[in-house]
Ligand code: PFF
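What follows is a single chain, given as structure tokens, in the form predicted on its own.
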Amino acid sequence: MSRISIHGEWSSRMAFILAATGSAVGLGNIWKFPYMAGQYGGGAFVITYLLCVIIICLPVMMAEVMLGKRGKSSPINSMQHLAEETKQSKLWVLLGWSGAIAGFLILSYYSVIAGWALAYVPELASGTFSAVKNMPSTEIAPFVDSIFNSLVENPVKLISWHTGFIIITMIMVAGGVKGGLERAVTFMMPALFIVLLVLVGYAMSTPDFMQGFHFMFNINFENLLYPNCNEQACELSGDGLLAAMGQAFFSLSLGMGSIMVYGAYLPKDASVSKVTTAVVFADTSVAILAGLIIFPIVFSNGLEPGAGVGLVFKTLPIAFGQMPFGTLFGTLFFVLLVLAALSSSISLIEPVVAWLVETGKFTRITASILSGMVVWLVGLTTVFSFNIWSEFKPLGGLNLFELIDYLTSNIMLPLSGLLIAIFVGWLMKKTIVAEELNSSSFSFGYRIWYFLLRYITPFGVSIVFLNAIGVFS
């Protein structure tokens, strides 16, 4: 059955690779991956992460792209078409809805966090953090904390940056597949890699580049398996392994509908395996390069690599404030964060915009404006969670931001990934799957992928899901 996307197609295979890489590359690669590697010992975490990407995540990503390529619509309508085609229950459309809603909810708080990075660009560019050079060591941390707190505790400031980020996102999405999405990523992704390489070059000039390199690639599984060491004893824990598996899954934007809808814009003759492998390679490269930037800077300034979520917004500004040319390279670093966030944000909203257009009731511009307004409104819950509603914790001691984050990241995404693996691996006809992959069902590569998707991936994703909801606690 041949379908044609009403939204148009990518002009080339490279356009899809740039777009899907942009969807996968985000704050998680540049902000989260380095601090998680720092917390779990560096090299052992990195090698575990890479193995999980290849064995668990790549098969799911290929399956999700293939579903979009076959359905040629938004995730919602693609799953409706494919459920009918495979004579499965109409309830499979809920997989499409789950991905689209998850991406929508994630963008509502993602735009607020991205607004922090946007707000830090003028702070770094104006040399605000250079003041730490002349401060007593006891005053530096309180000074940097005060700048961050003055941002997140001020709802007016947060709303302003949140609004600006949503407006930029909607302008890009409103232009359509070629005029908006493709044009945006064609500029942003090369710019992102150029900034990355410039910062890596700078990191190589720091005194402790080799220490940072060694930290990233020295494989010591004791640090991964015994993350809770103290002076009395070391406790064996699987937290590091599960964290690496979870980071690999979530860093590739799986289960959000983004990869499926981008797959819908692939030309019929495009090789799913080749483009997906290229995306996974590019996404993983960004995470590794981010570590090679951050850890040498951290070690050269005597800072703590396992500083946690404050590594980017509290720890690194101290380093940029003290180092030569710190104003320039600090500004470039936060520009990098903004570019990464924008490339992800346009993919998070695209499934909903595409579905609205497919209803026939909205033009792309009106669908983009409507979606942007709703995301902006939902995002206010995250804005207020850091200030005027910080004490409002309606469920499990979580504020509204933490609740949305928990629901999407810990439940909706792994569940969607598991269902994708089941639908493609167990319910779709092998002939259809092979046809969309442009592969023979008898080829060696296809058989390996199919085995991983049917058996290994569901097991791995189930472990992540069960851990996330506290079964192993």
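Numbers for residues come from their place in the sequence shown, where the first is 1. If you superpose the two forms and keep the largest set of C-alpha atoms that fall within 1.5 Å, you have the rigid core. All values derive from a computational prediction rather than experimental measurement.
The same protein also exists as the form predicted in complex with the ligand; that form is not shown, yet it is the one meant from here on.
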item	value
Residue 44, heavy atom within 4.5 angstroms of the ligand in the model of the complex	no
4.5 angstroms heavy atom contact with the ligand in the model of the complex for residue 28	yes
Distance check, residue 347 to the ligand in the model of the complex, heavy atom within 4.5 Å	yes
Residue contact check: residue 169 to the ligand in the model of the complex, 4.5 Å heavy atom	no
Single option in 110, 334, 265, 215 placed near the ligand in the model of the complex, where near means a heavy atom within 4.5 Å	110
Interface residue in the model of the complex among 276, 74, 385, 253, criterion: non-hydrogen atom within 4.5 angstroms of the ligand	253
Stretch in contact, per heavy atom within 4.5 angstroms of the ligand in the model of the complex, of 195-203, 317-325, 244-252, 151-159	244-252
Any residue of 192-217 that, in the model of the complex, places a heavy atom within 4.5 Å of the ligand	none
Rigid core superposition, residue 59 Cα moves 2 angstroms or more between this form and the one not shown	no
Residue 68 C-alpha moves between this form and the one not shown by 2 Å or more, core aligned	no
Shift of residue 414 between this form and the one not shown at or above 2 Å (CA, core fit)	no
